[in-house]
Every structure is written in structure tokens, then in C-alpha cells.
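Look below for two forms of one protein chain, each set out as C-alpha cells: first structure 1, then structure 2.
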Structure 1
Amino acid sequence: MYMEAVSLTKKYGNFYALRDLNVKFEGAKCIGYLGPNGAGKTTTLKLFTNLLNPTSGEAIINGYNVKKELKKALKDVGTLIETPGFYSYLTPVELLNMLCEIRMANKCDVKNALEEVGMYEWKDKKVGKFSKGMKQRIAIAAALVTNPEILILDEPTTGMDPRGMAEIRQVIKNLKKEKRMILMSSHLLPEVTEVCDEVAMINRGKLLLYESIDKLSEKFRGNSVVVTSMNEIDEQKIMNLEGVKSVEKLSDTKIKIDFEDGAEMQYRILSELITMGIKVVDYRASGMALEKAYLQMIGGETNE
């Protein structure tokens, strides 16, 4: 299974929403699609789901051009684009059945899809009365109901409370175990770090980076750690340790250490701290690799 963009371009007047995108997502994995507002994330997903027409280039799914061979291309693809509206007079069961029928799906499990998103008890209520979060859950159930091998999810946890977000992340993690490809756009870097295997970054319609999270973590690993101890820490003693560049006291029991490059050095400092009798209860890199990569590649800019 794969999705491929070949010189994919979308232009509105003189504005490029997406410019010459060339990328191939392949295999059972979760790919986080990141970028600021207006970067071209949703445009890409809409081009792959026949909601937009490309100005030039091709969106290809499993070898089929989405524009030319729509039925074959989207046959085994579940989608969630923005927060869709639903026919308000239908119930979740009717909506999902409608989708199964339209998709002419062999593998259709309405009950399981509704249970996965915690909406089974609402199965016979009319959707028109649902809150935004509930509609989002139904939208995710709609993406899952035919058990597709590829899932295209546009900010799937939008509009959900923290519990709902955690539940949906778990659903996505479970889907990964079932050997599916998930392309998921998100603003939430911790979410992508937690759920995805690879990350693609886009800004101003151009792809900036496509890398595995592991490689990215290696590349953008920080050279500072935050240490939390049960007892008071004497930062002067730590300053004298080999490889330590600076120490910042954050509180009596918490310090931030900047050190010379390398994972080996990070480990040696931890060993020394324990040898010095400091009761370390937390020792973690300051800031996420993904966040650093994001800020370095994109900065704090938005395109709105």
C-alpha cells in the first residue's frame, strides 16, 4: 500500500497552496503531516481524496490516479477531512450503513466502529443533536467502518476533550498494530511523537522534511537536560563535572544542565549525579526533538 504525490501542485490565482509536492508514503505505518496553518496540509489531503482538483501533477493511491481512476484509488481508503457535516435526520447506524453501501464494502462492521470511538450507546439517536466532539467521533467511525488499509485523517482529535483525544490516539495506535497506513495531519507535536513513526513537514506549500521520528530525534536531540531530585542540588559541584557547559537553577530541587554534544555525555552526567549522592527522580531532555526540528524548519510563523 502506498500514496504518492507526483509534482502535485494546487494554485489559487497567484497563490500556491501546494507547490510541486513529490513524496511517497509507503507501508503499514503512521505518518504525521505537520505544518502551520495554511501550510498546505489539508490541501494535500483534499487532493488525495478528490475534494480538490490539482492544478498540475498527480495524486496516486496504490497505483491509481485519484482523478482518473477514482473508484479504484479510494476503494480501500478511509477518510476524515475537517469535521464533516452529517445528514442531521439520520442516526449513526444509518450513516455508517450508508457509507458501507456506497463503498460497496465487504468488510463492514458498524457496531465495532461505533464501539471503538465510544459512540455505540448513541447509535440510534439523530446526529443533528450531537455536540462537535461527538460528531468528530462519528467522523472517525466513518473512516474506520469499512476497515480500510489506508486512513487519511485531518487533525483527528480536533474539538475533543483531553479524554477523547487520548482515546482517539489509542484507537490510532491500535490501527497501526493492524498493519494499516495512516496519514495524519496535526498541529499537536506531542500527539505526532506519541502516535506516529514518521513525520513530514510542510510550509508555504513546499515539503521541507520527511523523516522517521527516530532519525529526527537523533538529529535534533537536545544538549541540555532538566534534572529533578528529592534533595537540594548544589549547582556549583555540578559545574565542575567534565563536559558541563552551564547549570541553571530552576528551583531548590530542579536544575537545567547544558553539556557538550553526545548521548554518551548525557549518560555520564547522570552517572556522576548519582555518584554524588543526588537522588535523581527525573532526568529528561529539555524540549522535544520534534519541536526543535519544527522550530528550526518552520520557526514560529503561521501563514494565516
Structure 2
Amino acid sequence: MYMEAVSLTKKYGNFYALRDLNVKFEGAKCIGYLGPNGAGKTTTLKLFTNLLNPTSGEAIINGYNVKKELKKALKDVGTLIETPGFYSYLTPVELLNMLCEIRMANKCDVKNALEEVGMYEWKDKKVGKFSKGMKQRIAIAAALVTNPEILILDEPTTGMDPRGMAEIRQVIKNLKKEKRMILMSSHLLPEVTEVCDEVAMINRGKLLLYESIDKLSEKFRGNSVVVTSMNEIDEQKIMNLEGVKSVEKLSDTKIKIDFEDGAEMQYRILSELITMGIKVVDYRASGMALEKAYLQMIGGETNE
């Protein structure tokens, strides 16, 4: 299974919403499509689902050009683009059955789709009484009801409270176990780090980076750690350790240590702290690799 953009471009007058995108997403994994608002994320997903016509280039799914062979291209694709609306007086079962009839789907599995998103318990309740998070889970179920091998999700946690966001992230983690390809757009760095296996970064319609989270972590790994202890920490003693460049006291029991490059040095410092009698309860890298990559390549800009 794969999705490929070949010189994919979308232009409005003199403005490029997407410019000469060349990328191939392949295999069972979760790919985060990351960028600030207005970067071109939704435009890309709409081109792959035939909701927009490209100015030039091709969107290809499993060997089929989306524009020329729409039914074949989207045969095994489930989509959630922007926020769908539902008839409030229908139940989840009624909604999904109606969608299957509209799509004339042969392999429709309403029960399994609702179970995958944790909504089978509410299958006979009216959707109008659901929270936003519950409605979003129904929307994901609608994308899953034909058991697609590729799932396209456009910022699935947008506008939700922390609980709703956590619920949707857990749903996506569970879906990864089903050996599907999931392409998920987002502008939330922690969300992409937590859920995705790979990240493609886009800004102003141009692809800036496509890399696995693991390789990105290696490339942008920081050289500082934040240490939390049960007892008071003497930062002057820490300064005398080999490889330590600076120590910043954050509180009596928390410090930030900057050290010379290398995972081996990071491990050695932890060992030394424990030998010194410091009761370490938390020892973690300061800042995320994805955040460092984002700030280096995009900065704090938005395109609105």
C-alpha cells in the first residue's frame, strides 16, 4: 500500500497552496503530516481524495491516479477531512448503515468499526447527545466502516478538550495495530511525537522534511537533561563532573544539566548522580527532537 505525490501543485491565482510536492508514503505505519496553519496540509489531503483538482502533477494511490481512476484509487481508503456534520436524530448504527448504502459498499462492518473507536456501547443513542470527542470517534468509525487499508485523517483532535484529544490519540494508537497506513495531518508537536512513526514537515506549500521519528531524534537530539530528585541537589558538585558544561538550578530538587555530545555521556552523568547519593526520580532530555527540528526549519511562523 502506498500514496505518492508526483510534482503535485495547487495554485490559486499567484498563490501556491502546494508547490511541486514529491513524496511517497509506503507501508503499514502512522505518518504525521506536520506544519503550521495554512502550510498546505489540508490541500494535500483534499488532492489525494479528489476534493480538489490539482493545478499540475499527480496524486497516486496504490498505482492509480486519483483524478483519472478515482474509484480504483480510493477503493481501499477511508477519510476524515475537516469536521463532518451528522444528523443529530440518528444513532451511530443508523449513520454508518446509511453511509454504507451511499457508498454501495460490499464489505461494510458497522459493529467492528464502532468497537475500534470505543463507541459500540453507544450504538443506539442519538448522535445529537454526544460530546465533540464522541462525535469525532463516530467520524473515524465512518472512515473505518469499509475496512480500508489506508486511513487519511485531517487534524483529528482539532478543537477538543484535553480528554477528547487523549481519547482520539488512543484510538489512533489502537488502529496502528491493525497494519494500516495512517496519514494524519497535525500542527501539534507532542501529538505527532506520541502517535506517529514518521513525520513529513511542510510549510508554505513545500515539503521540508520526511523522516522517521527515531532518525529525527538522533539528528536533533539535545545535549541537556532535566533531573528531578527526592532530595536537595548541590549544583556545584554536579559542575565538577566530567563532561558537564553548565548546571541551571530550577528548584531545590530540580536542575538542568548541559553536557558534551553523546548518549554515552548522558548515561554516565546519570550513573554519577546516583553514586553521589542523589535520589533521581526523573531524568529526561530537555526539549523534543521534533520541536528542535520544527523550530529550526519553520520557526514560530504561521501562514494565516
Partner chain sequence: MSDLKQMWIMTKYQFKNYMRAKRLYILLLITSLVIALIVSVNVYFGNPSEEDIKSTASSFANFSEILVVLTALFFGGDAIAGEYQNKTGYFLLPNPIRRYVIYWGKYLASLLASLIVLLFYLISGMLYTFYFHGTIPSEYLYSMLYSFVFLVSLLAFTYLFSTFFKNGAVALTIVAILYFFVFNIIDGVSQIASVEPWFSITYASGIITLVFQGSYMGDYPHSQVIHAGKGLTITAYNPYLWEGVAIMLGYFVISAIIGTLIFQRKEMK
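Given the structure is predicted, the values throughout are model-derived calculations rather than measurements. Structure 1's sequence is the ruler for residue numbers, which start at 1. If you superpose the two forms and keep the largest set of C-alpha atoms that fall within 1.5 Å, you have the rigid core.
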- Of structures 1 and 2, select the one representing the form predicted alone. 2
- Query: Treating the chain as rigid parts that move against each other between structures 1 and 2, which of 229, 237, 83, 98 sits at a hinge?
  - Reply: 83
- Item | Interdomain rotation between structures 1 and 2 (smaller rigid part versus larger, whole °) | 19
- Following rigid core superposition, Cα shift of residue 124 between structures 1 and 2 in Å: 4.7
